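First, one chain by itself: the form predicted on its own, in structure tokens.
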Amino acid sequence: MDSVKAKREVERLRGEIDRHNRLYYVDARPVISDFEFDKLLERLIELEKEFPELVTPDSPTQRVGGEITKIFPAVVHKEPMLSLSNTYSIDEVADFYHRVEKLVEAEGGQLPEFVAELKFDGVAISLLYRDGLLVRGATRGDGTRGDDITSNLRTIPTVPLSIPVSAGPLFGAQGSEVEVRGEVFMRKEDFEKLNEDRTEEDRFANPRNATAGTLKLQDSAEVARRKMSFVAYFVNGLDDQSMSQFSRLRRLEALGFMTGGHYRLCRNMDEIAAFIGEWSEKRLKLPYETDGVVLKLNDASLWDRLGATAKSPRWAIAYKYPAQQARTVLKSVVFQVGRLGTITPVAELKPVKLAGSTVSRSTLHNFDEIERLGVRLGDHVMIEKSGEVIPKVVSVLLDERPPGTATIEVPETCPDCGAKLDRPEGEVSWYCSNEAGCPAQKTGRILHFSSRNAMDIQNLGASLVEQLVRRELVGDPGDLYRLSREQLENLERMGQKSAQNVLDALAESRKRGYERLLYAIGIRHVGRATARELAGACPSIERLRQAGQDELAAVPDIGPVIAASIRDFFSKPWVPEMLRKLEEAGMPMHADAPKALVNSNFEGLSVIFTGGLQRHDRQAASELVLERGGRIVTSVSKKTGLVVAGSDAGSKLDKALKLGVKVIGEDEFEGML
């Protein structure tokens, strides 16, 4: 194919791919399968490799990611990204309406009109376009400064990589800039797929948490694999800055942005109340989470004159819908088995519609929680979705208790393998005693080993691991590295390509490092921070295996409970064989030579992070402290040297203040670096 034909084919493919992206993400009516879409993209990638001169910054191939970003640079917003005042009361919405009405009258304006828009439950983002090309994307951060996450945002299909430059009222002179603000979110279906193949303890609680965590990932290729969307709700940089909010939304749609489409011009309080009431139930049928309605004064020429408080504009407000609850009947209880043998009771409910989906199961956590609720089999119960995703039983309707209800008894044996259950002294949970042979525990341990924060083995999901354990192809993580392509190809829903992807991911996991392996092998009470301390104190598996309990307890932040757990782990009969197989597979059984320190600014300080950091991924921030001689801890005590508190910091911050531990914010933390 010559370059002229290639150019025509490339342009055709780009147009097709952009059209199908819009049909899938914006219009929610795809007309081709994922496989067919992937084929179009693969063909475009092939042509651009063959004719690299045809690659442009706004090509769909530029969304696949691949950049590794150690630190996200801070950027200053041209205008502050203010958050909105929230209310759960329609009366307070009416107060807001009348307050703005008076302010508008004082400015000599007419009766105000408002634009009512659905409030997406996502992460606020600013996109900057220069001469039509996307040049920067940033988080809201503290409103004044955010993180530059352009490489991650470029992977999102509904973020246009370019917008049409015209002589119309959008752009001014050459070099003009247009800013688009909106929300990055994850559709319900994509969120469920993301959680499907994660271990129970590694699952995200709701789509918003998944979105926030994904945007802070340092690997944009992984961001691209997790499907996210962007909805625009504001554009700045127009020649006509007095353009109304309603017209701005229409302009955004004309430029190729998704706005959700569900917005309305309201001319009085009755119309506002009608919109809020109409979408109370309708929103639950949407393919994404919405948690309220945003009201904005339509006349943008009055925004500056009405002004803002320190945090919120006076011309807008957010009404948030109350948590969705439903009444149902607890029919029975089943018992799940975790990787440590923990028995978790799960309520089987009479199916009921709640927050747009049918709920038929809910966790009861443990038997102490069952006793606290006073719930019995056959009870009428009230359930609620936490974050509108995870259902939970919140109360028992005692006045409606029917005759013949039965208490929920602790099972005598493991529901998966039939072994005896034990309850260690001082604990709330019961455990299966068959550690070595219980299939559920084997599956849980392997899923933990392969999870993102452990060895991060891509393509090794729950259904595949269950097959491997059921067919006795693997019994512990060490067996994974003995799998052949033929064994994998013979499993359900596997083929040559899928099998090779698993083998490639297993090979890649050998590069993860010693402290990741210490976390991955699943020692009880050993999280990532504890694994890091152990790696420093015992720089090889053999050294850790030989360490005495008192020696381990003397390691900072280990103590007697974790030390006893480590000794107990190495005494288990199946552990030495697992470690031998891991060593044979070439896994990192000892620590690398210590890295040279960047500086000693944190030397001697034990540091704990709490709350949401705006400009740093938690893992990356921890590495920055370690590179400067500090230590990372996970609990606050009198010995803690420093607490870095982000947004929504909770009990750890309270405890630090009570103990007199030094607390700083993210700005001061950056200064200390």
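In this text, all values refer to a predicted model and were calculated from it rather than measured experimentally. Residue indices: 1-based, along the sequence shown.
The same protein has a further form, the form predicted together with a small molecule, not shown here; the description that follows concerns it.
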{"query": "Any non-hydrogen atom of Lys119 within 4.5 angstroms of the small molecule in the predicted bound form", "finding": "yes"}
{"query": "Pro345, heavy atom within 4.5 angstroms of the small molecule in the predicted bound form", "finding": "no"}
{"query": "Partner contact for Ser83 in the predicted bound form: the small molecule, 4.5 angstroms, heavy atom", "finding": "yes"}
{"query": "Heavy atom of Pro539 within 4.5 Å of the small molecule in the predicted bound form", "finding": "no"}
{"query": "The small molecule in the predicted bound form: contacting segment from 293-301, 450-458, 235-243, 481-489, heavy atom within 4.5 Å", "finding": "293-301"}
{"query": "Proximity to the small molecule in the predicted bound form, single hit among Ala124, Met258, Ile558, Ala505 (heavy atom within 4.5 Å)", "finding": "Ala124"}
{"query": "Listed residue (Glu183, Asp476, Asp147, Glu533) with a non-hydrogen atom within 4.5 angstroms of the small molecule in the predicted bound form", "finding": "Glu183"}
